[in-house]
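Next up: the same protein chain in two forms, each one alone, written as structure tokens (structure 1, then structure 2).
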Structure 1
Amino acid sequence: MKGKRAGYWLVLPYVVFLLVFMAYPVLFSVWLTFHDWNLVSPEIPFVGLENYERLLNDDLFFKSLWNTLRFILINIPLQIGLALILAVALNQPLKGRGFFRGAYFLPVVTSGVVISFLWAWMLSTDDGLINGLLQKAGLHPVPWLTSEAWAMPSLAWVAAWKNLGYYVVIFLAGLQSIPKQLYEAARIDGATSLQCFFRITIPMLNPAMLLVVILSTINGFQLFTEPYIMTGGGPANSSLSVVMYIYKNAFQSLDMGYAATIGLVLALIILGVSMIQKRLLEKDVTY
């Protein structure tokens, strides 16, 4: 058949791409985790499970994992809380909705590099805008990026600020898919606005909420640009993310095998989160 041959030709470039730049690297990555290699030495000794053993005893790896989790745990409530407020406000029949939606989305399309430098400056301890405003209000300046306590929460805020508009759009789509009759029926039964919000809006938004949680989690595990630019992972490694730690091992210590091991563990974590996402979302589609 003619269509059959054409089919093969049409998928060929993409299949070649998959094999060369996806399948082979994945296998290569797994192979690397069992080897010790500094990229320049001609010999690549097999070390068995040594890299994995090292990982289990590596405090800095667990610190970076804990940092990343902390980032996610601060980031998610911020995203959900603020995005929900803005989406509910935007869902009312008001003038200028398009303008507001457009404004909220602006940071989403802007480079993480731009946003990191912009906020690094606004959050800088001595001459930043935020501390300037705090001092004008008679408060003490906060070492946003230079203290162990504040560095990660500050990065979580910046990431939330960057992606909020995107989550507003997701929530807005969720809000608009809630049938109006539900609210009308509740009104007839004498429900107040607040009751409507907590008994109808929130439960009906569950699928959107879940999507936001999963997406922020996956994004969180991939955190790199913000700490790389804003804190360099410091102070005292308090904002070192897992990806930054991979980067340091691979490209500053040239420890390719070990870096690949961390990469694989990170990929498995992200894969696990994605699988849970698929499960939960499939279940929720049929409410």
Structure 2
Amino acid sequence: MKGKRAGYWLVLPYVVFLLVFMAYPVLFSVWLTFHDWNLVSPEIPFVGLENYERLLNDDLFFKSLWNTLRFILINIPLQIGLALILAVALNQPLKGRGFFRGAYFLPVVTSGVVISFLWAWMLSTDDGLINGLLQKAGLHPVPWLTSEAWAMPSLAWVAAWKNLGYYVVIFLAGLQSIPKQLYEAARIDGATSLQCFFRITIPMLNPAMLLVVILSTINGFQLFTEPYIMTGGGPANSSLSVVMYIYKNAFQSLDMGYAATIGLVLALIILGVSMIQKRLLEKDVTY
């Protein structure tokens, strides 16, 4: 009995943390979607489904959702492709392998704000490093952040570069769990390196691939820092993400009820997309 009581006391801090900082904010946000609150007023009038009706007729919300989906469609293949190539390269017995593993992980632990300011300068149309190199090569400068066509691909590249090391680590862990006997048996049967990669490495990496795709998608839906600092959501709202739209409604318009409604809908979208991805990709997973 004393042992049980001691156990309850040990888990009590975590239970309190869970209730105060996770369960309460979620429940309060759901409650807020049915109310109108400007953050400072003590009165919070009930408005029923008004926020949801407004959301269905909000063109800017659907534009921000489409922008976010565009970002994800560019970012995920780019991120996974580069991370997989780097992981395979860093899994080889190369000289300086430890240094390169640390170097590629460095952007992950660097502040997203710092990285955004750095890339905003590098991608600047007038005096950016990238356009400077293009002009020295005799090419025209590209409006990386000031063009509706280039803004979102540029942000997708910056986000992929920042998070690359994290996914390289996941793929490296997956590569090192593949039994070497499989490669030895394939070599004896005359398989080439390319055949080993596509018929052994890729199938055996399916669990890691599933994890990376789901995490990348969730991170993509939470896009905020890069567009907020580098483009401000422009030009013409072409890089306005859903989370940035939530921020604008909550802290610039002080429309907390509507911001909570967008947040709840976004959470449901993330949940639905993740479940679909899991269902589709899990078929080919070999544990």
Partner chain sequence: MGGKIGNMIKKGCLYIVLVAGAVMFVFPFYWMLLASLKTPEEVFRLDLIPSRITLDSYRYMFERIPVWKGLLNSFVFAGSVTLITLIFTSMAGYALARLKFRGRNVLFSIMLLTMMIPFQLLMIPLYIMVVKLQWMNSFAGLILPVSMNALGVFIFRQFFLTVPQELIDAARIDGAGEWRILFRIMMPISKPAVVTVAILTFMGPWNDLLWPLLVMRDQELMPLAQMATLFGLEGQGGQWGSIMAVNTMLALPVIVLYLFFQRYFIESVGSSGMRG
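Rigid core (definition): largest C-alpha set, two forms, superposition within 1.5 Å. Residue numbering: structure 1 sequence, from 1. Fair warning: this is a prediction, and the values are worked out from it, not measured in the lab.
Asker: Pick the form predicted alone out of these two and give me its number.
Answerer: Between the two, the form predicted alone is shown as structure 2, not structure 1.
Asker: Any chance you could measure the C-alpha shift of residue 12 between structures 1 and 2 with the core superposed, in Å?
Answerer: It moves 3.3 Å at the C-alpha.
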